[in-house]
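Okay, so here's just one chain, in structure tokens, the form predicted alone.
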């Protein structure tokens, strides 16, 4: 029996659609695997009833097939599905790390990123690594078809999760299919600013780099209270706010001294729109770990 803990993540970070990702200190999934003749899955925890237990429809089950590693897989969800916090990626990353250990497959973490990304295809319709990369490698990640670059910035963050679901497929469908040259230039400028900010662990630069004229405005229509929550967070001291992943969670960069007030302001912002919410005061975290 092997158990892995895989963290929640936030992808896109505004200007880095399908490219940027960051591991969070909390929450996390725990995935326990045992050898078996065929793969079976049981799910408990946050939003468990929404997670399919059919191995062909579960990200962890797809990972088991990719590794040719049949197992009974127990998933204790700490990351709610349809939250924008990499719920499916956490399960996929935890399963990849645990099954690689259980069957002694010998893959590096970098190689497991591609394996775990195949699990994401059953959720979003395509294999993408912007969540599974930070879930496995930790820190801030930049994914490309030819590999992943990882940085380890020190930043404090707030993620506010409203009690409203947004599916990954719905959020991806909202993304415009074309953009103007002006929007392209602004996005590149912001992505470059964010990357430099991550290199320097500079919350001001990272916050400015979260701005995005294309994806975030389109997805904001799916999040009740987005404008109110964003304004409240900025007024409380956040240096930048964007949608976390596909949403509906919102991610704020907040200096540690302002973390508590930003979290409270974001909850109040959602409540002003008639939506209950909870906030995680977190930071850039490590990748998935194996229990001793």
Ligand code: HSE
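Positions refer to the first chain, counted from 1. Keep in mind the model is a prediction, meaning the values are calculated, not measured.
We do not show the form predicted together with L-homoserine (HSE), though everything after this point is about it.
Note on contacts: among 128, 208, 109, 72, the single residue with a heavy atom within 4.5 Å of L-homoserine (HSE) in the model of the complex is 128.
Comparing 101 to 109, 154 to 162, 192 to 200, 168 to 176 against L-homoserine (HSE) in the model of the complex, the single stretch with non-hydrogen atoms within 4.5 angstroms of it is 168 to 176. A residue is said to contact a partner when one of its heavy atoms sits within 4.5 Å of a partner heavy atom; residue 120 meets this definition for L-homoserine (HSE) in the model of the complex. The closest non-hydrogen atom of residue 22 lies beyond 4.5 Å of L-homoserine (HSE) in the model of the complex. Contact check for residue 18: a heavy atom falls within 4.5 Å of L-homoserine (HSE) in the model of the complex. Contact between residue 219 and L-homoserine (HSE) in the model of the complex is found at the 4.5 Å heavy atom cutoff. Heavy atoms closer than or equal to 4.5 Å to L-homoserine (HSE) in the model of the complex belong, across 235 to 262, to the residues 245, 246, ordered by sequence position.
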